[in-house]
Each structure stands twice: as C-alpha cells, then as structure tokens.
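So this first bit is one chain, no partners, the form predicted alone, shown in structure tokens.
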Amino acid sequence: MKQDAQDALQQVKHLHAATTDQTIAGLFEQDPNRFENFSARCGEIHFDYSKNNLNVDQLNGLFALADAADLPGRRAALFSGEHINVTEDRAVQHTALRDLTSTTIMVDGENVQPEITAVRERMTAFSKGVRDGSIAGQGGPFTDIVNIGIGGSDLGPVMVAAALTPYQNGPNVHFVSNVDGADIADVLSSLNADTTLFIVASKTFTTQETMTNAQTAREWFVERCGETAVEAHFAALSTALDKTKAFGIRDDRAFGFWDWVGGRYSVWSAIGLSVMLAVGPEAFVEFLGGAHAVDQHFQTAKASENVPLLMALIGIYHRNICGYDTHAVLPYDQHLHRFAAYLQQLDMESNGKRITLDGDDVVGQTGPVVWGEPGTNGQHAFYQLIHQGTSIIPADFLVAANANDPIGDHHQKLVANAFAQTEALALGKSRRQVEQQLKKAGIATDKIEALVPHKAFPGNRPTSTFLYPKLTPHVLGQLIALYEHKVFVQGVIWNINSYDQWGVELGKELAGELLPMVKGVKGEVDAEGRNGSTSGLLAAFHAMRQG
C-alpha cells in the first residue's frame, strides 16, 4: 500500500477506534432511513449493505482511501489496455470480451475488437451447427459435450452452466478437471462415444492435468470409434495450432483467446464455448451484456452509488480495520451452488499476494479466505459458527425475488430464511430476550439461568445482501462482473498485482521432478536430497504399492 493510501487507511482506523461501542442495531436506531441510505443499485441488482457496522464518516474515509490509492487512474489504465499486469508485462482486457458495441479497444497499438468479434462469430456458428445437428458425430447429432480443462478453464464454465441450468436446451454438458482418474472415469462411464463431443481447453495445450485427461478421453474414444473419427468429435480452446493439429483436431475446430485474458477471467472468451453450446448463442450474448452493463456502471457511477467500489471498500474495512480473516458467500439460489468455488479462484488467486507492485513486502493483510455454500443447506452445517463462534465472518447473501423453478411455496420459504439469517446475524438475541422467552415458556428459574448464556446471540455480525429479480443469463453476468471489479479495487488499494499467479508454479515444478520417482522409473526412484518427509512418503508409497 502506497504512503498516501496508508495515511488514509490510518484515518479510517482512528474513526473505527473512536466507535468501539458502535453496533449495527444502534446504527439502525440512529437512522430510520439507513436501508435507503446504505443501499445501491447496479442494473437489476439491489445491493443492501446497511447491515455492516459502518457509519457515514467511516464510509467517507474509505472513499478517501480509494482516491488516495489513485483508483480513478488505475481504473482508466485497466480499461485503456495498459500493461497493468506488470510481472508478465500484459494488458488485462477481459472486459473487452463482453463489449458488444463497435467501440475501438486498443491493446498494444491494435484494435482487438474485430478479432474478438470474429472468434465469437465462429463460436456462434459452431454452436448453432452442433445444436441443430448440422455438425454431428459419426453416430448422429451430439447428445453430450465434455469440457476438459482445469482452473479458469473449468471453474468458470462449470459454474455458469450450473447457474443457467433452467436455460439449457442443448446437448448435455459434462466437465472434467481433476487429474484423479476417478473424475474422467465417472463422466465417460455414462456416455455414448458415437454422439459425444470433447472440448479440450488449454491455451498452450500443455497443461498437465488437462492434457492427461484429454489423452485418456482420446484413447477411450479411439477404442470405440476409431482414429479417423477423432477430428469430428474433438474441438480445442487453444492458440497452439501445431499441438492441436498433432492431437487430431482440425484448425476450424480450434478457438483461440489472448494472453491479455487471464484464466480466471476467461469464461467470457472461447473458454465459454461449452456454456454457449448448452444455453445457445442468444443467452450467451445476454450473459456478456450483463457483465458489460456492470463495466459501464463501474466506470461512470459516483462513489456512493458504485456497487463494486462499495463491495471492495467494505471488504477492506473488514480485512484491514476489523481484522476479519474470512469472507462467506451464501447464495440462496441452488443453481449458484458452484459460485463460492468460482469466487475462491477469482479472489484468492488474484489477491492472495504478499508482495507489492514495487517488489516490497505488503504491510498488513491482503485477500481473505473466501468460502461458502448455498442456503438453506449451510444453515444446518456451519451457520452455528457464524452466529455464535469466536470469529466474526462477514457474509454475502444472494437472493432472487423470483424462482426459475416455482414449486409451491418453496421459494417463499427460501427467501424468508435468507432474510431471517441476515436479521439474526445483525441484531442477535440478548440475554434478557432469552430469559423472557424461557419464562413465557414456563421453564424453571434454575434451568433458565443455566440456558441463557447458551441461547443468547451476540449479533453485530456483518452481512451484505444482493437482491435480483431472477437468476437469468443477464443477471449472472452482472453478479460475476461485480465481484471481478471488487477484486480489482482491492488489489489497487493493496498495491498488488491481481493478475498473475506465481504461487501456483512451484508445486507444478516439484510435481514434475517427483513424477518419475512416484512412477518408479528405473534409476530415478532415489529420493536422496529431498525433504525427509517427501522421501519417507515415497518409500511408504512404494511399499504399499508392492503390498
């Protein structure tokens, strides 16, 4: 964090220290219009942040912090194609992928819009052909699609496809990511090779897990349909045309993307092909349009109404002022059951950094641990800790006003639970309230004294609520883009690079060294010089294998 930002953060810390007795319940008592004053709108999404323990002065201090970190300048650099990914010397232009206008978008002196449009048009033509049967396998129209990828080449498509289940009207879509053979074995076991299309998603066509699974899929397919049928049943999301061609994939079945699109930001690109095949090109374009609307909002809305900015600053307050270590994402929308997993990569891979852009150690804390599950399931699992545990865990609640699957009063009960949880977390239940309730129930005095401490809730647990009309492709695009820009803002304030991921590389390097030892290749099993635990595990592994 740069010095000006550190000074601004220190001012917010002073404001916080002066209000140690401030509570969420008390803030509502002081301001009858707090809901209106601490809510904002972005497109179809109503963002209620009134149940966070923030007053007006503290919020204004956070706005000053964003200015001190030069958020306006850094935001302009993001959208103008500057190389803000400094460690890889790259622009960051995933936002260009969802700009459906004819706006000129310059990256490295070139207008990239025509190329983006050309790839999208090729995806659209291919998707339409697969969906109407004019592009088919040797057994007829494709009934199943298998997307083989990992990281951003899996988490984005799998989450979006699940979220848009009500809009799926194409072939069945399956996803394989884990190098654990159980993953691909489970998927292949239910498929007919004659009517299955495989999509291999790897920019370089060298990702170990992806290419291992792709080769297994290819062998499985060839065993059933023969070598000559490969080109009709495999497509690639890659720019390594020499490698895709060697694999047996025709050039017109290879869809590329660019080095200014990071993996965790790539679902808007050709990586989203499996989604387009499942829901159709029209719905996919709506999805892009929702994200683009948020891009415009982020650039033009004033601070007090700028939802991604507010999300980011509230997160900064919780992490750097209050010292909260984790952040829960709790969608009351079953189709968002992979949303928290998607945000784990988006947030933790982006902002899980300890070195600033200047190469110095970060002062203070950066990204929190992000986790979560859908409600109401979580209520019967981990909400106990959120309500009465020793750690305070800020949480986001995502709620649709209308269900995609309206059955009886299911949705009303779901929404009632969501609203009840945010109220309970904010207001809690005092000992006096518990005592009165137990007395009313006729509980003996001695039992009341014993029960009261256990049944009281401290409250003052912060939550934000995202309310939207229905989980449509357009709304989903908005939700994802909001969190993308939240991550960007926080990276700016912490002065870190949110767009590299060197932390994942060391493990890959060591795995490459260890693989021959694990396989037991002659002359390469000797683990001398390795960590004592690693050499011990290798020995134990081979002993078990022999047993």
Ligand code: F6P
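Computed from a prediction, not measured in an experiment: that's the story for all the values here. Don't overthink the numbering: it's just position in the shown sequence, from 1.
Keep in mind that the form predicted in complex with the ligand is not shown, yet the notes after this line are about it.
Within this chain, Thr366 is remote from the site of the ligand in the predicted complex, having no heavy atom within 4.5 Å. Shown alone here, Pro473 lies farther than 4.5 Å from the ligand in the predicted complex, counting heavy atoms only. Of the heavy atoms in Ile150, some are within 4.5 Å of the ligand in the predicted complex.
Interface residue remark: Gly263 is counted as part of the site for the ligand in the predicted complex, having a heavy atom within 4.5 Å. The single contact residue among Arg461, Arg120, Arg319, Lys203, judged by any heavy atom lying within 4.5 Å of the ligand in the predicted complex, is Lys203. Of the listed positions (Thr207, Thr465, Thr196, Ser350), a single one reaches within 4.5 angstroms of the ligand by any non-hydrogen atom in the predicted complex, namely Thr207. Only one of 43-51, 26-34, 477-485, 497-505 lies within 4.5 Å of the ligand in the predicted complex by heavy atoms, and it is 497-505.
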